[in-house]
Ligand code: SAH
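So this first bit is one chain, no partners, the form predicted on its own, shown in structure tokens.
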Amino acid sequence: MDERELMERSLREGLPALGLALDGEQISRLLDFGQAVLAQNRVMNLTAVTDPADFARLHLLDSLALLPAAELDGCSLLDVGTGAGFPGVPLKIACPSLRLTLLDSTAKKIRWLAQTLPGLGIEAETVAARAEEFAPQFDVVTSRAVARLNLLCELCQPRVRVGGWFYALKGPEGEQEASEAAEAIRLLGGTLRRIDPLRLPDGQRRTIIAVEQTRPAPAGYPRPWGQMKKRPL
């Protein structure tokens, strides 16, 4: 099998385990995007995962795992620390009505996304900036594998409108991180609603932490990154 066939087989095998059914065009776009990431990865460090079957499991399916836990139709979504576009781009492909903004502090990754996505028929705003310096608010904010949850909450919750949601995609330690971040979530105006453990088709454990923004975050947050790291909430 070639790279695309291996990726497609892994993707199709994993979707039912997540309770998802995508049409042929959506699967084709996911594969197009996956191939684009892997091709660019040969000249730019976008991912440590280079095996196409693993890529489908660890990036595409891992991103799509948020769909059963979140209502995204018609929402504005900010993906903080998107890197090569995860989880934002797979979510946009699976939920076309999503209004997607991809945010990362590494300008060359954002430039690559800005140049690549239109050719794949994927509409998204791309922003090169630090999360603590980016002020607009959104219905939904997501982040995956960026920082410990107490730091991530400070980066993300102030960017969620009241009544909106922050979803952190975490590994098996997610429940412990949620416990550590309980005070930060409360201080920043959020209410922890769910901790959803799940197991990906390859057997790896993941955790989706769902925080509803029930009141505005206090003024002065997020603080500069150096202050956050020195005195985390």
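From 1 onward, residues are counted along the sequence shown. Treat the numbers as computed from the prediction; the structure is a model and nothing was measured.
Keep in mind that the form predicted together with the ligand is missing from the display, and what follows is about it.
- Picking from 83-91, 116-124, 67-75, 158-166 the stretch near the ligand in the predicted complex, with a 4.5 Å limit on heavy atoms, gives 83-91.
- At a distance threshold of 4.5 angstroms between non-hydrogen atoms, residue 140 is out of contact with the ligand in the predicted complex.
- At a distance threshold of 4.5 angstroms between non-hydrogen atoms, residue 154 is out of contact with the ligand in the predicted complex.
- Heavy atoms of residue 146 reach within 4.5 Å of the ligand in the predicted complex, making it an interface residue.
- Although the partner is absent here, residue 130 is a contact residue: one of its heavy atoms lies within 4.5 angstroms of the ligand in the predicted complex.
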